[in-house]
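Only one chain comes next, encoded as structure tokens, the form predicted on its own.
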């Protein structure tokens, strides 16, 4: 079982990339206060909770999805950071009952949309609270049982923001780090696999042509390889990303252009050793055409080497994308792991001690690179049984 652990991990990551965060109950957008801790980290502070009341059947919190016109909450913490009301109230009133009294949060004679925040001065005045008083402290004066009641019809959500949220907390914008992490898997796999496949196919084609044709064609391709290898990669990637744009496929194309040279040299060296072999001369004597010899016989011989290059190429492309994203040269709309590290560095996650915004993307990059290295080694063993015997 442990022998195929890396393959199971890769399949699991691929499924997460395809399905996204929705099946896991994760949501996009701001969910809680910035830099909220993970739920499991510190039980002494409150978690962000959403109470929902509805006249057509509903009260719900994050832990209780059933709905009714009343929602109850047991509060054993200090006052929350923020309280907000959203939804619709069609006549009637919204009541908030505390261990020390009752508040009328909203009244409506007709249909009214609610978008109230504890920082709104008119909202405070309507509750008889002074403008500079801390409204969450008034609504949560002590520990005990609290109840949100809807008298009438409508659908209202009360968001009580604490200092904890979800599996991995929130970032500087209040977004769920677990959601960003799962979405980053798709970006890493797309960039790593696509860029490596394009570079491998390009390197294979040019390496075969260069090694088999020889002469001027060989010299031209190899001098091009030498020139590209002599150029410092990172500055060129930065310049091209700035010129061509920061889109995902632009990044894939840039990484492919500067990743095929090693494969071309390796395939050329193998082709040079095989093109004058007796069995290749025999194929020529039988009238076999060049394309048949190349793709029917030489490509299978190069397969173990290609698998080795893919095993090293995918982690390299993922690290290159993460590096460019960390430098701010990726599309800011794509939640890649490198972009997560860039934002963590830019917005002060280090100084705020929000390590949960730093470790998940860093560990994700390391894990996926190790998985591909191990899978590549197993593919090499399948393609060349001699490697398996040597390892054993």
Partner chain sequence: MNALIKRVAGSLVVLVVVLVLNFFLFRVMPGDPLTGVMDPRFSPEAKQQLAVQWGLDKPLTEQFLVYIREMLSFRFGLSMMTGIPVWDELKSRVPNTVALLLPALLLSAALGLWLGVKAALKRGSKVERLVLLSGAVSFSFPSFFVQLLLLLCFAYVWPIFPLRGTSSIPPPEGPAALLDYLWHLTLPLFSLVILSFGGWALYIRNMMVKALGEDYVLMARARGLPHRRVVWNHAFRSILPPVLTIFLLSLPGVVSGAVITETVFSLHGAGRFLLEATNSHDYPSAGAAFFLLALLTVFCNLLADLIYVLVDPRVRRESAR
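Residue numbers count along the first chain shown, from 1. Bear in mind the structure is a predicted one, so any value in this text is a computation, not a measurement.
The form predicted together with its partner chain exists for this protein as well; it is not shown, and the discussion that follows is about that form.
- When its partner chain is considered in the predicted bound form, residue 285 lies well away from it, no heavy atom lying within 4.5 Å.
- Under a 4.5 angstroms non-hydrogen atom cutoff, its partner chain in the predicted bound form has residue 326 among its neighbouring residues.
- The closest heavy atom approach of residue 104 to its partner chain in the predicted bound form falls outside 4.5 Å.
- Taking non-hydrogen atoms only, residue 19 never approaches its partner chain to within 4.5 angstroms in the predicted bound form.
- Residue heavy atoms within 4.5 Å of its partner chain in the predicted bound form occur in exactly one stretch of 134-142, 302-310, 241-249, 115-123, and that stretch is 241-249.
- Three-residue candidate spot 232, 353 and 363; every residue lies within 4.5 angstroms of its partner chain in the predicted bound form by at least one non-hydrogen atom.
- None of 50, 46, 358, 334 but one reaches within 4.5 angstroms of its partner chain in the predicted bound form through a heavy atom, and that residue is 358.
- Site annotation in the predicted bound form: the residue of 277, 236, 213, 269 reaching within 4.5 Å of its partner chain with a heavy atom is 236.
- In the predicted bound form, no residue of 69-84 lies within 4.5 Å of its partner chain by any heavy atom.
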